[in-house]
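Before any questions on binding or motion, here is one chain by itself as structure tokens, the form predicted on its own.
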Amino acid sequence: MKSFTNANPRDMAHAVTLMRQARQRGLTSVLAGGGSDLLGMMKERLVAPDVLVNLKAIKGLDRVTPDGGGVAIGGLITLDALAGHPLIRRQYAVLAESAESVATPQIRNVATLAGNICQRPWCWYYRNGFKCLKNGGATCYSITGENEFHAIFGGGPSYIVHPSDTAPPLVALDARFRIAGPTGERVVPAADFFTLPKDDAARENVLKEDEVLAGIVLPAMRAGARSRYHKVLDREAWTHAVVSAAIVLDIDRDVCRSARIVLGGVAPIPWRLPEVEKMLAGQRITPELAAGAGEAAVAGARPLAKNGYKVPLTRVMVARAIIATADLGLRNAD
């Protein structure tokens, strides 16, 4: 690991200033929240910063607080604290369940929400130092190589899948991301935060140089809203989703007034299914409707040579997740 300087900012504005000052001196800088992913990347020399800006030194960015009818969540809250927070578990179950599903208890105790959202891809070509599109090169080796865990939607020229478990729920919940930068703070809808490889193959989000994801704001949930997170793994723990689904249904008696369905593990960004949402809106959820929604969920899928299994897996999982979420809503409404 290359030697580096540790910088402890007083607040988010100071963190941005430290990054800008490093760049002006011709130095590279990185942000560290929990650092669970960053440390491994530094050991493998995938990143070799001159300055590490340690956000843990900033107080108050690890809280959940009421915000109008919704809640504001600091980007430095740990995944364990987020998963166990009573307000999040009660009103935003899909987010609590996703945080609870990440990696291992040890990692969830240090990993932060902002870090989980902004983590780099776990494609083995990138993580093993290949000069791929994500590592300064011009080739995505997964196209003709080992691609069993890669994208079936939205791929090209890179076929990574976004690794965050919390990202799909935040898109499904219509969250807003608070981003701190040199000119102050800007707010970006969660759905607009993530970027496809066709827009910029080297990046996964809209963060600019010297910008930091400071926090997340969730809108109020309607009384009939119910949500669940479903995740399929290739082993029981310490791994990312092969396929996942964040489901948010607004149930009035036995009728779905509106739906938000966002997939993980299948695309370079959280993959929303607007056509499936339209199918469910105004309908009573039945096994037949859910099966049709599962079929619609995989329309347009373009699997690679070794990940075609994700198509039927996604189809079945979406159907089962819709039924499970609707049943939960009906039980709680009675």
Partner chain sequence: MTVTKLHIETTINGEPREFLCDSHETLLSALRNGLGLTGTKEGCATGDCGACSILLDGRLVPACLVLAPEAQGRAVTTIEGLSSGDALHPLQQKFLEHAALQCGVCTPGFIVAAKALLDAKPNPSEDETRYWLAGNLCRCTGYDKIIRAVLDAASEMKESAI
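Residue numbers count along the first chain shown, from 1. Keep in mind that what you see is a predicted model, and the values were worked out from it rather than measured.
One more form of this protein, predicted in complex with its partner chain, exists but is not displayed; see below.
- Between the options 295, 67, 275, 50, the residue in contact with its partner chain in the predicted complex by a heavy atom within 4.5 angstroms is 50.
- 104 is the sole member of 104, 128, 144, 183 with a non-hydrogen atom within 4.5 Å of its partner chain in the predicted complex.
- Site residues 6, 40 and 56 are all in contact with its partner chain in the predicted complex, judged by any heavy atom within 4.5 Å.
- Only one listed stretch (248-256, 107-115, 217-225, 201-209) carries heavy atoms within 4.5 Å of its partner chain in the predicted complex, and that stretch is 107-115.
- Although the partner is absent here, residue 237 lies within 4.5 Å of its partner chain in the predicted complex, judged by heavy atoms.
- Among residues of the shown chain, residue 34 is one whose heavy atoms approach its partner chain to within 4.5 Å in the predicted complex.
- Its partner chain in the predicted complex comes within 4.5 Å of no heavy atom belonging to residue 174.
- Contact annotation for residue 148: none of its heavy atoms lies within 4.5 Å of its partner chain in the predicted complex.
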